[in-house]
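Quick heads-up: it's one chain on its own, the form predicted alone, in structure tokens.
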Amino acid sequence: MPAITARPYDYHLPTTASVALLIIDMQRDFLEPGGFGDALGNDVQRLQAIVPTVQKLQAAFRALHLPIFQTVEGHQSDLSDCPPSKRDRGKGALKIGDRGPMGRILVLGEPGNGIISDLAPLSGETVIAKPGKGAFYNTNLEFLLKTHNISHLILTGVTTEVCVQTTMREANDRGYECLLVEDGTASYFPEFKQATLEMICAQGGIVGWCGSSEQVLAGLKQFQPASL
């Protein structure tokens, strides 16, 4: 069985197309100046650094005709799916729903809520709007994964310790085998990212696996498009 060299031990891939790439929240509100991340006082350049890595993984999955799912965190325009506790928490310059330089913050359909152009999905690739931090909460992600017979997930995106980790833990509880790409995820706080990676791989991979993009790409080369 094909495998990816990873921590805490090799991550074995299925021999059929039951592995998918999950790209979490690579949206303008988090990665560009004037968005929500910036309004909270964060250095958005820390997140921009992983874009080339995620692009390489995206291209590899496309070449193998393997499924790619992207998520964006966002809310309905009336904020009916945004709990007051979420909107009111923190004391940033802008809150969810407020109008910023790229439209209303974290509102679906607004310019800032869109995926950055470098990772724009192709026609037929799925984008899942999620109202929470985890990609399974109040979404159809699990239905889509079951429809595609997906059992293994390669995770990338931002931020490592919040939406990415939450999604990975949700997936783990649902029986999915998950690998987080170490250089394909980022946090505004590098120490939080490192702590998350260690937590995921601890105790024999209690949540899942961690590996580099180079290791993942090498593992994917074991697949041949004609066999999918």
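All of these numbers come straight from a predicted model, not from anything done at the bench. Throughout, we count residues from 1 along the sequence that is shown.
There is another form of the same protein, the form predicted together with a further copy of the same chain; it is not shown, and what comes next is about it.
Interface residue remark: Asp43 is not counted as part of the site for a further copy of the same chain in the model of the complex, having no heavy atom within 4.5 Å. Within this chain, Pro83 lines the site of a further copy of the same chain in the model of the complex, having a heavy atom no more than 4.5 Å away. Interface membership of Thr196, defined by any non-hydrogen atom within 4.5 Å of a further copy of the same chain in the model of the complex, is confirmed. In the model of the complex, at least one heavy atom of Gly134 sits within 4.5 Å of a further copy of the same chain. Residues are counted as partner-facing when one of their heavy atoms sits within 4.5 Å of a further copy of the same chain in the model of the complex; in 194 to 212 these are Ala195, Thr196, Glu198, Met199, Ala202, Gln203, Gly204, Gly205, Ile206, Val207, Gly208, Trp209, in sequence order.
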